[in-house]
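Shown next as structure tokens: one chain only, the form predicted on its own.
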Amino acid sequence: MKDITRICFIGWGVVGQGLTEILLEQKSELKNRYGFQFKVVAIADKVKGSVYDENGLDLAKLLKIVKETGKINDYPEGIKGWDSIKTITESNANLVVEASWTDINTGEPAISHVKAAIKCYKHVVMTNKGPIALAAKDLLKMAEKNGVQLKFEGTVLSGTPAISLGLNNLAGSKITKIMGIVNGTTNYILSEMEKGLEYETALKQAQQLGYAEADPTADVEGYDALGKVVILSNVILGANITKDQVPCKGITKITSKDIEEAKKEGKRWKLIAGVELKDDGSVEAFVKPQKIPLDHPLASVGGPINALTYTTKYLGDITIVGPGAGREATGYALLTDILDIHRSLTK
């Protein structure tokens, strides 16, 4: 890592390609300003295929090929056909970007990817919240034992630095509560409903704009937010809770009547993920729609934007607002983690 960082991508969809584009665009500045030099030596994607070249891949060529054919295997050079685990363990990469799909119930296959990388003494950066929601403490302990780093800034608010704010910038501030809007899809839907749309119409509009998946269940039922609040509870507040211990309710039952009633009360509906540290050291977490007073910082956050408020003993409330999803924002989150590892190893 002190010389050239050799990167391996596991999963090369929207997020992986987003980071790749940023790396290409910023290559000179990353070298000149941060002393960071890299080459991508391997990519494995369950759908698109895989390729490995110990000397580095031509990323511009690969992006063009995948845009045209959808297949990594159409890249003319390199070794093809390796699965994700073989790519992690047998490539000469020293840093793994884990950007595969998320299974919040099992954390697989990403947990296996992370463990394989750590066992091979390779650093890991990821935006996949499944492994962190389900096994953060075990994976971090394993990484520490093997002398490597595991970073996951993008798991909560994508490129908006919510985790580093809580862990680093607010260290010693005595955080007692965290609450926020951590799902852009539901925030967009509720914002549109406040403009007069019915729930189903607002959802359809969100899907057309790419804010919601064809199957929006994870977002609208609160499961995406659930994974994120578990991460905040365990990583920031040091709890040891599971997703099954957190009450979770989505926005599917919110009606236009509810929206109008909240307006009359000077409030606004938001899907809130929250966790509070109690006096006895325990934590209570939840995901549920709440009516937020209009003078609260979270009430003014509309559309697909996310926000998080940290309540602290010494600074009061600190709110961070920014994009919680998207190709560039999530790719940027991975880049910040990579640079963080680079800086720590070149001090």
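Between two forms, the rigid core is defined as the largest C-alpha subset superposing within 1.5 Å. Just count from 1 along the sequence shown to find any residue number. Just so you know, these numbers come straight off a predicted model, no measurement behind them.
Although not depicted, the form predicted together with ligand HSE is the subject of the following passage.
Checklist entry - Out of 246, 235, 277, 212, which one falls within 4.5 Å of ligand HSE in the predicted complex, going by heavy atoms? => result The residue in contact is 212.
Next on the checklist: Only one of 123, 113, 228, 270 gets a heavy atom within 4.5 Å of ligand HSE in the predicted complex. Which one?
Outcome noted: Filtering the options by heavy-atom distance leaves 228.
Item to check | Answer range among 114 to 122, 171 to 179, 250 to 258, 204 to 212 for contact with ligand HSE, defined in the predicted complex as heavy atoms within 4.5 Å | outcome: Partner-contacting stretch among the options: 204 to 212.
Next on the checklist: Would you classify residue 130 as touching ligand HSE in the predicted complex, given a 4.5 Å non-hydrogen atom cut-off?
Outcome noted: Contact check for residue 130: no, nothing within 4.5 Å of ligand HSE in the predicted complex.
Checklist entry - Is there a non-hydrogen atom of residue 153 within 4.5 angstroms of a non-hydrogen atom of ligand HSE in the predicted complex? => result Heavy-atom contact with ligand HSE at 4.5 Å: absent for residue 153.
Item to check | residue 219: touches ligand HSE in the predicted complex, heavy atom cutoff 4.5 angstroms | outcome: Yes, residue 219 sits close enough to ligand HSE in the predicted complex that at least one of its heavy atoms falls within 4.5 Å.
Checklist entry - Wondering, does residue 224 line up within 4.5 Å of ligand HSE in the predicted complex on heavy atoms? => result Answer yes; at least one heavy atom of residue 224 falls within 4.5 Å of ligand HSE in the predicted complex.
Next on the checklist: With ligand HSE taken in the predicted complex, which residues across 14 to 30 come within 4.5 angstroms through any non-hydrogen atom?
Outcome noted: Not one residue comes within 4.5 Å of the partner.
Next on the checklist: Following rigid core alignment, is the displacement of the residue 203 C-alpha between the shown form and the other one equal to or greater than 2 angstroms?
Outcome noted: Shift at residue 203: 2 Å or more after core fit.
Next on the checklist: Once both forms sit on the same rigid core, is the C-alpha displacement of residue 189 at or above 2 Å between the shown form and the other one?
Outcome noted: Moves: yes, 2 Å or greater.
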